[in-house]
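The chain that follows stands alone, in the form predicted on its own, written as structure tokens.
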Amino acid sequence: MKKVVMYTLSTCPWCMRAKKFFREHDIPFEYTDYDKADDETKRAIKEDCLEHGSEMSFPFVKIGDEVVVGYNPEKYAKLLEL
């Protein structure tokens, strides 16, 4: 199974839906709520987003080596071969 890592906002409805998608499909994932992170973590998230050609848009989902910006369950399923 590909590793899933997300950057989210704690109050973002699309971020909540992304988390729900992975939970409903029993896909383990890690996430960091950007708005609750310390300054060092926020800097690291910004750098990671920029390295992947994205501005600060949430949810920011990494599935293996691929990045999906925004809530896109069809793309998540395709990348995870569901």
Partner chain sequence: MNTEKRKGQLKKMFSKVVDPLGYKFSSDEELVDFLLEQEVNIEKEKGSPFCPCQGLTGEREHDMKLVCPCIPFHREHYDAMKRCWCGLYVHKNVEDPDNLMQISLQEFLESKNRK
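Positions refer to the first chain, counted from 1. Note that the coordinates shown come from a computational prediction; the quantities given were computed from them, not determined experimentally.
Below, we turn to the form predicted in complex with its partner chain, even though it does not appear here.
Each of Leu9, His52 and Asn72 near its partner chain in the model of the complex, meaning some heavy atom within 4.5 Å?
Yes, because Leu9, His52 and Asn72 each have a heavy atom that approaches its partner chain to within 4.5 Å in the model of the complex.
So in the model of the complex, does any heavy atom of Arg17 sit within 4.5 Å of its partner chain?
Yes, Arg17 sits close enough to its partner chain in the model of the complex that at least one of its heavy atoms falls within 4.5 Å.
Is Met56 one of the residues lying within 4.5 Å of its partner chain in the model of the complex, judged by heavy atom distances?
Yes, Met56 is a contact residue.
In the model of the complex, does Pro13 come within 4.5 Å of its partner chain, counting heavy atoms only?
Result yes; Pro13 sits at the interface with its partner chain in the model of the complex.
Residues in 26-41 close to its partner chain in the model of the complex, defined by a heavy atom within 4.5 Å, in order:
If the 4.5 Å heavy-atom criterion is applied to its partner chain in the model of the complex, 26-41 yields only Tyr34.
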